[in-house]
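Just one chain follows, in the form predicted alone, and it is written as C-alpha cells.
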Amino acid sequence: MQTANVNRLTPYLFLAPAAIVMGVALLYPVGYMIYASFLDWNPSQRIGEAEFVGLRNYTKLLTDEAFRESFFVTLKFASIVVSLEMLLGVGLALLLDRNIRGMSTLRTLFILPMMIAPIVVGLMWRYMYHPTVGIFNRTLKSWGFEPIPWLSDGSWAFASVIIADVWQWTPFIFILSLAALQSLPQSAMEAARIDGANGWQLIWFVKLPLMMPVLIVTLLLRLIDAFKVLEVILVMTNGGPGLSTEILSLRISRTASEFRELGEAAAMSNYLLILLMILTAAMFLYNKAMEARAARLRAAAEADL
C-alpha cells in the first residue's frame, strides 16, 4: 500500500520545484502590482517610502473622465478588431482549406504581417496614412478625390488603427482556424455528405461546431492581446487626436511615465486585469459547453457510418 502511494506521488515530487519557481515568478509581480495600487507612489521614491492610501487610487479613477474615456475606447477597439479578425481569419481558412497548386506559398504570404515588429507596423502605416506623401491620399488624389485626414481626425484615426491591427493579426486567427479545420475528423464530413449536406450546410452545421472549442480559445487569446495593444497606436497616433485613440494601456503608460503616478497606474492595470479575468472565466465556461457539443457531433457521425 505504501509503495503504491509513493509511486503515485513521485511525479508530483519531481514537478514540485519547477511548479514552485513558476508560481513565484508569475504571482510575485502581480502581488507587487496589487500592493503598489494602494500607495501614493512616484518614481523618485522607493516603494517602502510611499504613503499607503488604501482604495483612494481606485475610487479616484471611477470619477476620472479621461480614464473612463480610455476604458470605453479600449472596449470599442477590442470588440471591433477581434470581431473583424475572427470573421476574416475563419473565412480565409475555410476558403484556403483545399489542396490546389501554390496554396502553401499563399498560406505563407498570409502570415507575414504577424512576423513584423509592432513598432515597424506602426511606422509603416503612419507613413502610408501621411496626408500628402502617403499612398492612400496620393491614390485618392490621382482618382480626383479629396484627401482623407487619416490620423488628424478622431473618427478616421480610430478607423485607421483598426485597419492596421486587423491587417497584422488576422493571420493569427487564420493559422489557428486552418489548423483546426485540417484536424477535423473526416468521419463527420463523410456522414454529413451521405445525409445530403451541401457546402454551406457542411460548414455551418459540421465544421464550425466542431471547430468551436479552438475558435473560442483563439478568440480569448486575441481579446487579451487587443486589450493590451500599445506600440502600434503609440507610434501611429500617440492616443490622439484628443482622446479618440487613447486605449487603456497607453493611458497606463502615460500615467506612470509622464504623470509619475505609479500607484494610480497600478490601479488602472488592476481594473484591466479584473476585466480580463471575468472574460477568461466566461470564455472557459462557454468553451466547456462547446467541447461537449463537439464530442456529441463526433459520436453521432461515427454512429451514422
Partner chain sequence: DGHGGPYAPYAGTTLVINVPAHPHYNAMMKVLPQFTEETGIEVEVDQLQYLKMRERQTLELTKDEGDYDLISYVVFSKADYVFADQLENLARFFMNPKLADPAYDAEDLIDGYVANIGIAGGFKGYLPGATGSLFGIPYGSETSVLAYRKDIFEKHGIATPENYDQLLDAACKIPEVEEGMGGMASRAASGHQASHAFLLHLAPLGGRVFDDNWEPIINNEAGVAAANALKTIVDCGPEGSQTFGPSEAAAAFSQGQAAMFMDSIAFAAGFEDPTKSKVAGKVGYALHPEGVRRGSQTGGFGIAIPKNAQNKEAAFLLMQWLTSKKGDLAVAMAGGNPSRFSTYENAELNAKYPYSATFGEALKYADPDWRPIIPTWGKINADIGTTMSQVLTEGLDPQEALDGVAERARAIMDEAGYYTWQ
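Residue numbers count along the first chain shown, from 1. These numbers come from a predicted model, not from an experiment.
As for the form predicted in complex with the partner chain, it is not shown, yet the points below apply to it.
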- Item | in the predicted complex, A50 touching the partner chain (heavy atom, 4.5 Å) | no
- Query: Should K141 be classed as touching the partner chain in the predicted complex when contacts are defined as heavy atoms within 4.5 Å?
  - Reply: yes
- Message: With the partner left out here, check for me: in the predicted complex, does some heavy atom of R56 sit within 4.5 Å of the partner chain?
- Response: yes
- Query: At the 4.5 Å heavy atom threshold, is K76 in contact with the partner chain in the predicted complex?
  - Reply: no
- Hey, which residues along 257-289 are within 4.5 angstroms of the partner chain in the predicted complex, non-hydrogen atoms only? S257, E258, F259, R260, E261, E264
